[in-house]
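In the form predicted on its own, a lone chain appears below as structure tokens.
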Amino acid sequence: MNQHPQQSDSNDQFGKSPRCGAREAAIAVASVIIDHGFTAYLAGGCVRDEILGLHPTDFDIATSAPPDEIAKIFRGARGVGEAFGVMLVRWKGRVIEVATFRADGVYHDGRRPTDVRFATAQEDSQRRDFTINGLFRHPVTEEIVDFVNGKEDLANRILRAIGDPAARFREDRLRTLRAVRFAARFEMSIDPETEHAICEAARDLKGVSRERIGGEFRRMFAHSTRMRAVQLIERWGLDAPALDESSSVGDCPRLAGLTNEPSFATVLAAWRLDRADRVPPPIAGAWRDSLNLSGNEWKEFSEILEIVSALYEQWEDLSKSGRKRLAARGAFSAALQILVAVEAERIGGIRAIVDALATEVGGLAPESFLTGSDLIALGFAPGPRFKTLLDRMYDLQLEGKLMSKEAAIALARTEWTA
């Protein structure tokens, strides 16, 4: 092996040089490693995506250099999983993950190996999940290094587990959902043995952390192929352990009709409503825990379902003020977006009514003429009557029956003393 040239000062480059592209940084880091006498490849998803003509944003490096050598080569490199051979290297405004080729030991927890050993590039490719993710690319020659026949599977759009599919899913139970994401995202067919192993391993998904499951759902549902993802989730029986409810298979017209990059909460609400047409709906709150929803996600999801319920059960009987209040809620447009796929004519009528209400003075949600501070200034003692009176005054304002602050104050005096 060559004697090391002067150590690359990646920290100085990070601070003094303009930020470079992720691919440029990864190639530069890999090239430096090669110059120090080691093997280094671009690895995994970035290689897959470039072969497919996509533009990856994350570039990882796999190398024969052990972590201590990476630390010698790059000043400021730090370990984030040195037991697994993973180091982070800064280069011109980018942070590149560099992992030493390794072979994994036994998996006992369905997520991580109990031990690893540093190994060859071929052994490293064999520990990965699917053939399409087991590819390497030389950073200088651009040659594809393929020990798992992944390039052919990419060309044929086939998702296939590396080696024994059942073993791959026992090692990391989340791989069943990753299979869904890759098959949907890249419009792939499924190798029959791999598909059989997914169905057999589906029940084991229940033991995976809810944070990891929720993360996979977010990635799947952020893409326009989310409908295909749901079809696979239900077909393979992954919905029951993921959502902690009974499996269900059927059409999803509300979900299929979503457009314009809907939020995660909107996608979930559409799916929830589609499933409720086929099975008795469980408590929606269970999804908060099953998918580890954030406070904001849960709030939006719940609000959408509340608005949908109001549109079904109350809209026809609501007063003008009630319709304005409902239409002014933040999730109202998402609720309409979900329902238009199954009730286009009715939703079109609701939209026309809302558009007309929005043209009235103050629109759907004008600033209230009367506030709690106004009532206190009038000498009214704070108490339960405050909210009742303020709500009534605001409803009259929304109805167009109160046209000024002065009129609202006068009416409030009368009603308070009545």
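As the structure is a computational prediction, the values presented were derived from the model and not from experiment. Residue numbers here begin at 1 and follow the sequence given.
Quick note: we don't show the form predicted together with a small molecule, though the next part is all about it.
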When the small molecule is placed as it is in the predicted complex, are 44, 181 and 212 each within 4.5 Å of it, taking any non-hydrogen atom of the residue?
yes
Can you tell me which of 333-341, 68-76, 170-178, 221-229 lies within 4.5 Å of the small molecule in the predicted complex, counting heavy atoms only?
170-178
State the residue from 288, 157, 127, 151 whose non-hydrogen atoms include one within 4.5 Å of the small molecule in the predicted complex.
127
Since exactly one of 60, 374, 391, 50 fits, which has a heavy atom within 4.5 Å of the small molecule in the predicted complex?
60
Give a yes or no for residue 133: in the predicted complex, does one of its heavy atoms lie within 4.5 Å of a heavy atom belonging to the small molecule?
yes
